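Read the single chain below, which is given as structure tokens and is the form predicted alone.
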């Protein structure tokens, strides 16, 4: 089984509630580390303006290239659910490994705090919430219900198998675990 995300680009308003909820839940201090980001894209000219948002967490890829990039194997993919996790105690930190995992990830999911020799951190799909049969905090917090998470096959059955959206690039090499509902210009 592979757990993944669903993102409805037609519903997202770019409010950032998912970011705030994630930072609050995981006690992530204000600064550069963002386990989930919201990208903004604008196109066209008035009166024909197009605006879209894209939620970017770790997509828990089927073939995550951050794993082989880590020189000490601090990153692993859980067999039972496909969630990509990091062992921060094994991580060398951003100085010693020169952020090899971040450089490898096409989605910039690995994050590093501002402290010297910061250890890698990233979205873990709220593992502690899954154990309680709850959705990730970003999904629960989204006021427009633009996010969902669960077994990828169930997300595809419910929402389809679309892997294209404004601002998103699907890399076949990594196979991100995401289903999308794109906003059309």
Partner chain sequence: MSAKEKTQPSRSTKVITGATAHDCGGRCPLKFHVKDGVVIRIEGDDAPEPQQLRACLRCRAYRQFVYHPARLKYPLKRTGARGEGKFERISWDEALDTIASELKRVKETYGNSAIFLVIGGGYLAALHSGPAVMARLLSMFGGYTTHYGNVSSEGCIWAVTAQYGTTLVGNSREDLLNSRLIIMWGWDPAKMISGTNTMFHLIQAKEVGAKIVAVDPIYTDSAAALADEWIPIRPGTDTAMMISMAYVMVKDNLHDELFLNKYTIGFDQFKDYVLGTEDGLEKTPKWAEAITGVPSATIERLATEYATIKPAALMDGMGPARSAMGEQFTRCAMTLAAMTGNVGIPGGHAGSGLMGLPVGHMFRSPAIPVPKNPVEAAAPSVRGSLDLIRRLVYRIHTNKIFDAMLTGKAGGYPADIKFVWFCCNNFLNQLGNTNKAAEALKKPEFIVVPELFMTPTAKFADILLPVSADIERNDLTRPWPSGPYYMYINKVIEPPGECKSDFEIACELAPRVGIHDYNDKTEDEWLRLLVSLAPDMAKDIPDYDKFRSEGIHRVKLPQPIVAFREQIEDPEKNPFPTPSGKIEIYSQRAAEINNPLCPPIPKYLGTWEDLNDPLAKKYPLQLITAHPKVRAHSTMHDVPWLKELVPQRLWINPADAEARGIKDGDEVMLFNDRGKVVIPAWITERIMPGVVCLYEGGWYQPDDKGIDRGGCANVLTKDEYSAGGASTLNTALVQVRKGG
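Note that this is a predicted model, so its numbers are computed, not measured. Residue numbers count along the first chain shown, from 1.
The form predicted in complex with the partner chain exists for this protein as well; it is not shown, and the discussion that follows is about that form.
Annotated contact segment (heavy atom within 4.5 Å of the partner chain in the predicted complex): 43-51, selected among 43-51, 156-164, 56-64, 112-120. Mapping the unseen interface onto this chain, residue 142 counts among the residues with a heavy atom inside 4.5 Å of the partner chain in the predicted complex. A residue is said to contact a partner when one of its heavy atoms sits within 4.5 Å of a partner heavy atom; residue 25 meets this definition for the partner chain in the predicted complex. Among residues of the shown chain, residue 137 is one whose heavy atoms approach the partner chain to within 4.5 Å in the predicted complex. Heavy atoms of residue 15 reach within 4.5 Å of the partner chain in the predicted complex, making it an interface residue. Along 100-131, a non-hydrogen atom within 4.5 Å of the partner chain in the predicted complex is carried by 128, 129, in order along the sequence.
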